[in-house]
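In structure tokens, one chain follows: the form predicted alone.
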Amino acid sequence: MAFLEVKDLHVSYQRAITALTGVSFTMEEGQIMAILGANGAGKTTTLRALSGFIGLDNARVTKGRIGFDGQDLTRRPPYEVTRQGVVLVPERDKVFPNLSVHENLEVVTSRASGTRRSELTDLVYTRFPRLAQLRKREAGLLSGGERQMLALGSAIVCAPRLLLIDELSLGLAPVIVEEIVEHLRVIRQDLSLTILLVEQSAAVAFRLADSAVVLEHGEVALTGTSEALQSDSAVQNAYLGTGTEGRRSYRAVAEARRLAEQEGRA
């Protein structure tokens, strides 16, 4: 049984707008997977459905199943999902701006308590030394990169088993993104974390993730290891823009390749 199994997931907004149509993928424990795709492809919707926050967007899962370590999390509220160890770092509203860095870490509800929670807080300060230096500063006065570090730190204090990260690099300078990526690599090893991240930058995603799912129009267009997808003409032409065929959709390129393979076998 997979650690995370998303099977035939359908999501609709306002009971009329279809955002996801039959999204399916699996993850093994300890894996880092990226969800790639253009704006509107369904990336954030997927994370919010997994975390239980989908209802806040006036949306609902209309079909499919979300399985996590043997538990059915489909349509479960956020507090129940978090209790199972699935923690979301959202794209928006990342921190409490009027609280200090340390207060942000203290205020989150965690599966851990006592000594274990203190250990997780110490780990945040060790792996994000900037936060240790700024622990008394109001979060609203932090830079964008520091707020992202604090959002990740708050999630880590929750003692996650599966960490969901929405738009890790959005609006951040490349040098800050690289710093955060390196911190996440170490934290993954510290806590044996499984990480699923939505990322607009394929370059960032492929540096961090073992594998990726490419969404297009609410459906899975491609899946594979980061190494394989980086060399895939569908990704190069449709997403990275480095191919020679002109920019086309993932699905169009993949379908053309499938037809060519069929003709070759005929």
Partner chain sequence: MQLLANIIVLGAIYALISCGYVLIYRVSRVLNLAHGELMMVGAYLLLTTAGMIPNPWIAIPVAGLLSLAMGALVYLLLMRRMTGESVLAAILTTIALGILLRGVVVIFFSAAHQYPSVPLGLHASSVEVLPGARISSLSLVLVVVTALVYGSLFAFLRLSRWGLRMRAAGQNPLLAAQRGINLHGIYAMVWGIAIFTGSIAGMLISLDAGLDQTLIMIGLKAFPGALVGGLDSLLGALVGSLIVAAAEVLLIQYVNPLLADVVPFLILIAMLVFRPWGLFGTREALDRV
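Keep in mind that what you see is a predicted model, and the values were worked out from it rather than measured. Numbering follows the first chain given and starts at 1.
The protein also exists as the form predicted in complex with the partner chain; that form is not presented, and the subsequent description refers to it.
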Against the partner chain in the model of the complex, would residue 88 count as a contact residue? Criterion: heavy atoms within 4.5 Å.
yes
State yes or no: in the model of the complex, is some non-hydrogen atom of residue 125 no more than 4.5 angstroms from a non-hydrogen atom of the partner chain?
no
Closest heavy atom of residue 51 to the partner chain in the model of the complex, within 4.5 Å or not?
yes
So in the model of the complex, is the partner chain close enough to residue 72 to count as touching (4.5 Å, heavy atoms)?
no
On the criterion of a non-hydrogen atom at 4.5 angstroms or closer, are 57, 97 and 109 all touching the partner chain in the model of the complex?
yes
The one option of 120, 184, 131, 155 with any heavy atom within 4.5 Å of the partner chain in the model of the complex is 155
Only one of 151, 159, 193, 180 has a non-hydrogen atom within 4.5 angstroms of the partner chain in the model of the complex; which is it?
151
